[in-house]
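Next come structure tokens for two forms of one protein chain, structure 1 first, structure 2 second.
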Structure 1
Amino acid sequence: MTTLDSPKTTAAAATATLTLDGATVEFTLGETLYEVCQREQRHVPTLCYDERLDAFGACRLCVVEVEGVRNPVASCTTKAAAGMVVRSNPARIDKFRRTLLEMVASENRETEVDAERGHASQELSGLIERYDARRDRFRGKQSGKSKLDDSNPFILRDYDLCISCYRCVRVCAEQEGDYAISIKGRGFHTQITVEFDGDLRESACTFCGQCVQTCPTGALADKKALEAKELPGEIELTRTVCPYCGVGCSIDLMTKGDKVIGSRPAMDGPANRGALCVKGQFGFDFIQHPERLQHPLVRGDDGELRRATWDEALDRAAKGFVEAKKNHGRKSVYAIASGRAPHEAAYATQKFVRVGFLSNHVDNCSRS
């Protein structure tokens, strides 16, 4: 597992060298060959790997050649050792990977899936394309049976696309700590499920969505984002920070054109490293809700709020404060800043009071 050490606490670690594709490279003791290859910018494909999880060594796609070892080794589970001679992409490994991918593809109903499904949903289709793997070379049995009748509004359980990499099971246990997802059966009978084969709502699932975002085939998919799959245009991501609690999880907000279609955890978010909760993952669509206030309102003579122009509303707002100050003194005006709005709102609010009324009559919502 990747631990999130801050630089100040990381002891100077011992290093050694090995030979990678003919070049001498340095590594830190304890690193895997995969980590070394990543740092040296070698392309090494994976399907069961998620850098936040314990290495699993199941998909075998990350194999590399190590001199003196007869068979290719899984780089994700092999620790780098001093003096090793490693080849990351010799022709025979390339061929081996293609065959493996063809076997994986034969298990899968569909490899081309909508990008809305999830963060990692294009991994399998991307590799099949890159290795020019044939989907019809093997005629294997299919494992995994979809559970499309789960009526939850968030997570599509399209297990026909499952390749049994167990990333969902592992992320739920190792990262989220909910242990909601389990495995039934082995081999072609493998089925990803939850307790008693039931719906997610009846399980320990908290709908954090981490399984959706780590799934490399789109078998687990974001139902809310999929509603936008017919919208024209490419998905764009904007890095921001979740608007709910104080943990400050980084989010990549998904848009198509001017429409917000979903939310994804930022895998490199400093406070969350790919994690979100149900609110951050699925609670985004208040942004463009039809009930949003879209123009200023002022209270009319009839006592009702009515639409106004910005000029009218701002003049009215300013006039009320000026009158209060004139009639009741500078300390008759008070302001409450938001704990939800950005710094700039809070800073402007307190400056408004301190400069406008020469008082410290300002607070925020932290006392209730």
Structure 2
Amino acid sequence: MTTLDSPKTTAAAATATLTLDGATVEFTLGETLYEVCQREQRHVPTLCYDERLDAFGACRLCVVEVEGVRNPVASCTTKAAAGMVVRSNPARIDKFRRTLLEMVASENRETEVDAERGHASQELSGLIERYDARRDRFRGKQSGKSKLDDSNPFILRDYDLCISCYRCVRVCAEQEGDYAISIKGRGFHTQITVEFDGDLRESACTFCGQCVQTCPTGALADKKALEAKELPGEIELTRTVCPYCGVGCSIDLMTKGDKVIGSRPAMDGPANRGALCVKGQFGFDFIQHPERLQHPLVRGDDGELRRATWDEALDRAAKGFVEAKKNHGRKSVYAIASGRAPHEAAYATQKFVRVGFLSNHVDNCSRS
């Protein structure tokens, strides 16, 4: 037995087959039925599932039939096994799903919310439309009380829309390690909360926004994006890279017309996989700030700044660099690149210092 053959043998031993909707499919041992259904492009709905989190099995929408098992099983928590016979969407299961959705929809204040609220905010409304679920079948007592008086500038806490999927609680714990969000009460008294039932700014919350982007109902929402909901036009997403530090988080900038209204983490970003810090999530106001410089300024003999052309400003800067090097040596120039500038500007800055002055005296304001 050689070491080169070992991985192939292990890989071959790690697969098996099952029957899914009449077709024989291969899976890797350890996969769940939900993962198999997703890969085989079977529509299996869910409201509590986030691929970044441990499977929870709370919403029960992902149930499937397994031959030999009396009751439907939650596909997100049931491991696939060799020889299983699985039916993902029989009529009986669709009826269960419709009833569950009607129970959820009947309790919530509304189900159709603004897309500006968050990345996953349309999941509930999309499923209700797909299954033609009624919104008034189980009208009655409601759980979840909104904290609209929370004065933090970033996150709206509209818990009248909460369905207790706990995705926000789990992403805060499992992905961020902050444990800022928790649950209190049981049954209709269930409430998403923070320590001492206070405001987010008084809690361990770091305003990374992950709870907003995973919420499937818009109960947690992006306040800054909602401020622009009345602007005309559709939301457009542009994939780019956050400039604030060297991690290279992929983000989707939200725009309406020529105005940036929000920033969302790219769930498939290779560096961040849906995560962002508070700067990447909410720190985009500088782009269109009214005090942002829109033309070059140079200082006159009187010490006051005045508007200048680009040629004049660049000539003035070049002259200053040449005189500094001549009078004080090549290490007299030290450059600091801005975390709010494009990556191309950071690259040009370090090239300017390292090639132009043969020095490594260059840094970035967001290096930490």
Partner chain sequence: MSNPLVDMQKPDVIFCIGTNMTECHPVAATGLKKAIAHGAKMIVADPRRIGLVKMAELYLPIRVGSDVALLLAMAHVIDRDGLVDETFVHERTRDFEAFRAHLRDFTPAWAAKICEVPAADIERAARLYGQAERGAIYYTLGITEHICGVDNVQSLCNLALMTGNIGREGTGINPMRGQNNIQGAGDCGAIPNNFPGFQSVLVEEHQRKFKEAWGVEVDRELGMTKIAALDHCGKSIRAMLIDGENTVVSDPDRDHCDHALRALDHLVVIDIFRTETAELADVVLPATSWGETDGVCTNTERRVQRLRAAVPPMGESKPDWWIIAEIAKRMGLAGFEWQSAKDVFNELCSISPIYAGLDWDRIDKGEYHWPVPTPDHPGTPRLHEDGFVNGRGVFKVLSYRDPAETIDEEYPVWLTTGRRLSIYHTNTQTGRAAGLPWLQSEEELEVHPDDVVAWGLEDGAFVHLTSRRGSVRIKVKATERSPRGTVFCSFSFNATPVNVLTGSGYDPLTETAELKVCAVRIEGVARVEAGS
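Just so you know, these numbers come straight off a predicted model, no measurement behind them. For clarity, a rigid core is taken as the largest C-alpha set superposing within 1.5 Å between two forms. Start at 1 and count along the sequence of structure 1; that gives the residue numbers used here.
- The form predicted together with its partner chain corresponds to structure 1; structure 2 is the other form.
- Treated as two rigid bodies moving between structure 1 and structure 2, the chain carries P265 and N364 on opposite bodies.
- The smaller of the two rigid parts, set against the larger, turns by 23° between structure 1 and structure 2.
- At Q350, the distance the Cα travels between structure 1 and structure 2 is 8.0 Å after the core is superposed.
- On a core-based overlay, D301 has a Cα shift of 7.1 Å between structure 1 and structure 2.
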